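Quick setup: one chain, the form predicted on its own, written in structure tokens, and binding and motion questions come after.
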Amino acid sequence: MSTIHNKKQTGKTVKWLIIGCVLMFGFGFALVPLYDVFCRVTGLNGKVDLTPAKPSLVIDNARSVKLQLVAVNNETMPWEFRPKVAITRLSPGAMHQTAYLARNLTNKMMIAQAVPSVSPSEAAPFVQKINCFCFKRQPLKGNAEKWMPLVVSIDPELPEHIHTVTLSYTLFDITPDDLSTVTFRERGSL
């Protein structure tokens, strides 16, 4: 009788272990989208919204925030990429217009995508990109260059203890293997 009871108990244990493994596997897949939502809501990890913001109607001229603009190429991106001005000061609520230079150092047409990040992460919800090259793919013919526009503002609600905000863009190569699948608008060098 003891052997039958042990077999039943072992069967139940194996069944629960298999169910537990399946649930853990599914939870592992769910973590990535959950983490993205969490970062978007809290601003942690410097993730920012990729939709145009509406400019603030209030400008806090009594305050000045240092804005550092950084350009980073992904290791596989063979372009020159840099901001027109690396550091500027602006009053929260005021719009700042600048640009980033992109120069394709290859002989072939490529398409890039810029991904923004804000530091400190607490400042991410307060960085308002009104017009940003990161909203769209950036096609560029071989050996061509272009200035990509950026209009940014810092929300006046930025916490008082934050005096410096770094807006960093990482440029990625998203050129498809077969350029014939790219639409006409994406093919031209904007």
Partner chain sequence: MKRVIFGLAVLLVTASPSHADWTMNLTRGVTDISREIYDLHMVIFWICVVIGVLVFGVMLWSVVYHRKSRGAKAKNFHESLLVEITWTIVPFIILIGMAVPATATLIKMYDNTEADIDIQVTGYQWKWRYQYLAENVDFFSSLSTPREQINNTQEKTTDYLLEVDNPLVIPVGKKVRFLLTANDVIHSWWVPEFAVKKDAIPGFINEAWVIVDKPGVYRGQCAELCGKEHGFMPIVVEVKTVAEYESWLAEVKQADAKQQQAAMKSWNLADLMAMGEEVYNKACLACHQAEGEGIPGAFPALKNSPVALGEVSVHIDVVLNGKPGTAMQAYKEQLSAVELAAVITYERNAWGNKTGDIVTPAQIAELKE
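Fair warning: this is a prediction, and the values are worked out from it, not measured in the lab. Numbering follows the first chain given and starts at 1.
Separately, the form predicted together with its partner chain exists; it is not shown, and the next lines address it.
Contact annotation: Leu101 falls outside 4.5 Å of its partner chain in the predicted bound form, judged by heavy atom distances. Interface residue remark: Lys66 is counted as part of the site for its partner chain in the predicted bound form, having a heavy atom within 4.5 Å. Of the heavy atoms in Lys136, none are within 4.5 Å of its partner chain in the predicted bound form. At the 4.5 Å threshold, heavy atoms of Leu90 stay clear of its partner chain in the predicted bound form, well away from it.
Annotation for 58-91: interface residues with its partner chain in the predicted bound form are Lys66, Gln68, Val70, Ala71, Val72, Asn73, Asn74, Glu75, Thr76, Pro78, Ile87, Arg89 [heavy atom within 4.5 Å].
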